[in-house]
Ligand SMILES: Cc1cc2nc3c(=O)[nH]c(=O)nc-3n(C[C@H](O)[C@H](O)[C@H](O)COP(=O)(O)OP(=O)(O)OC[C@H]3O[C@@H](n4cnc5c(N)ncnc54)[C@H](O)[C@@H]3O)c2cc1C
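Only one chain is given next, in structure tokens, and it is the form predicted on its own.
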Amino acid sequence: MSDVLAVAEHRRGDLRPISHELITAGRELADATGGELHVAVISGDVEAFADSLNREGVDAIHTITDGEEFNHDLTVESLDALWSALDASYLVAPNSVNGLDYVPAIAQRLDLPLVTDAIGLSLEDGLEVTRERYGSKVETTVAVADDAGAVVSVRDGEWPPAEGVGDATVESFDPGVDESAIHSTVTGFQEVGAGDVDISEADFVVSIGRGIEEEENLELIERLVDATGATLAASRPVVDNEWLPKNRQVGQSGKTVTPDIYIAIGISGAVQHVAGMKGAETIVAINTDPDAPIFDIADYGIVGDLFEVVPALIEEFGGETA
């Protein structure tokens, strides 16, 4: 029996969706080892976060109250202390900017192998981690030979979020961190593309590809966005043409989004783009090509000219068609 420790993530007062996906991934590992699933939440409104994290499959939640925002030193020191207090063998964390900041350090501190960007986990014959390579064109399996455990960062959108209401114990944990070990502090935030939105946080995304043909046709899509209250995003060709800024790009070289609704307009569905949006709850695809790969993952597909379909959608949502 070996326990699993999952590390929740929050930013600017909000628990990030990956935290609930980590519960699902961590529970899979714990079921395979016969152990318990522990969740750590460090800094911020830990009581509110713990309440949200108390879902089916979680055995214990450990809250660490120091600080308000992510801090590398505090996170590493806290996880090191918590790990020593638990009987865990596997640590799972988000494959995010913050996660990739501290997982190498904690893996080194714990003397455990590190595998990043996991999209699948198996413990049938030791730990096997599924990853993607060559722009998501190839899936590979990494076998971890060390039986002592591992640190794994998990890609968001690959596991469904844990649901239900759990009965986990919630315990405040004091890591006893020496202030001399904290060498940095968060003094504020500066958004990339000041005043713009973060598409990774959107619940409703309308995304466009090369099928819109030219920049002037963005006006039509923006009317749909206004009518639906959605957030505008794009595939790489649109960003490469500088029709939209880089922070609007969805895909392997852009951002990963997991909205409730994702409308893909004029997007063929290349694997690099799909890697960034396949975790959406409902995917609607509009494309003139009935064999476009995007239809393979779409929940609803419309084979038709976007310049005819989009005005009809705008009218349906009560927006201005011209």
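Only the largest set of C-alpha atoms that superpose within 1.5 Å between the two forms is called the rigid core. Start at 1 with the first residue shown and count on from there. Computed from a predicted model, the values in this text were never measured in an experiment.
The form predicted together with this ligand is left out here; the points below concern that form.
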*asked:* Counting heavy atoms only and using a 4.5 Å cut-off, do 10, 19 and 75 all touch this ligand in the predicted bound form?
replied: no
*Counting only non-hydrogen atoms, choose the one of 40-48, 283-291, 64-72, 24-32 that falls within 4.5 Å of this ligand in the predicted bound form.*
283-291
*Please run the contact check for residue 250 against this ligand in the predicted bound form: heavy atoms, 4.5 angstroms, yes or no?*
yes
*Heavy atom of residue 299 within 4.5 Å of this ligand in the predicted bound form*: no
_this ligand contact in the predicted bound form: residue 270, any heavy atom under 4.5 Å_ = yes
*asked:* Taking this ligand as it sits in the predicted bound form, is residue 311 near enough to touch it, meaning that at least one heavy atom pair lies within 4.5 angstroms?
replied: no
_Interface residue in the predicted bound form among 113, 157, 99, 237, criterion: non-hydrogen atom within 4.5 angstroms of this ligand_ = 237
*Would you give me the residues of 297-320 that have any heavy atom within 4.5 Å of this ligand in the predicted bound form, in order from first to last?*
304, 305, 306, 307
_Is the shift of residue 30 between the shown form and the other one large enough to count as movement, that is, does its C-alpha move by 2 Å or more after the core is superposed?_
no
*Could you check whether the CA atom of residue 18 moves 2 Å or more between the shown form and the other one, using the rigid core for the fit?*
no
*Aligning on the rigid core, do we see the C-alpha of residue 273 shift 2 angstroms or more between the shown form and the other one?*
yes
*Would one find the Cα atoms of residue 286 and residue 159 closer or farther in the predicted bound form than in this form, where their distance changes by 3 Å or more?*
farther
*Considering a change of 3 Å or more, are the Cα atoms of residue 256 and residue 72 closer or farther in the predicted bound form than here?*
farther
